[in-house]
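This document starts with one chain, in the form predicted alone, laid out as structure tokens.
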């Protein structure tokens, strides 16, 4: 394994940070974390590191530093890690197989993350339910992928699993915030397989983190709805 120095600027509550930390841990890349909460949950008075301000164009996590080089935005970071480190790759060697992984990463980013975020940022019951329905519809497609393989894009975990780690960690919290419907059996089994991976151990939420997540967004809803009245 490379002796490069890797720093992740991120936070456990951010699903995009979770993607990157899962990939780092799953690949056995040593790293340190600088805790930077995402803007939406950044405590009043939190001092954002100057280094982060200087190198994160949108001032949002995650950002990674490797030997003095910086990159922000989770999917480009995942690709950058593949370029920088060759051991335990989360991309297959075959070009066609790589293309499938990237296609599914982008699909998950669009069709799973958008409704997921719609659930916990939702302030209107009807819109939360609409997001919930869209999320479960996306799970039907994921179910189809898993009919031919135990993993999302081939016979081994890939970057697609890193993307889903950001979903699976918060699933219990999503249910408490209005997500309805049951995961297809194959998706539930995939979640259980992911929970046995080395990367999962670094990003798995405790019950306290789930409670914190739910509490933050219930408070967010309360504030948003109070301003409408």
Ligand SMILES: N[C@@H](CCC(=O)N[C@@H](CS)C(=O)NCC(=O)O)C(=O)O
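Residue numbers count along the first chain shown, from 1. Just so we're clear, the structure is a prediction, and the values are computed from it rather than from any experiment.
What comes next is about the form predicted in complex with the ligand, which is not displayed.
Contact with the ligand in the predicted bound form, defined as any heavy atom within 4.5 Å, is confined among 172-180, 200-208, 35-43, 187-195 to 35-43. When the ligand is considered in the predicted bound form, residue 217 lies well away from it, no heavy atom lying within 4.5 Å.
Proximity of residue 24 to the ligand in the predicted bound form: non-hydrogen atoms within 4.5 Å are absent; the residue sits far from the partner. When the ligand is considered in the predicted bound form, residue 61 lines it closely, a heavy atom lying within 4.5 Å. Taking the partner from the other structure, the ligand in the predicted bound form has a heavy atom within 4.5 Å of a heavy atom of residue 16.
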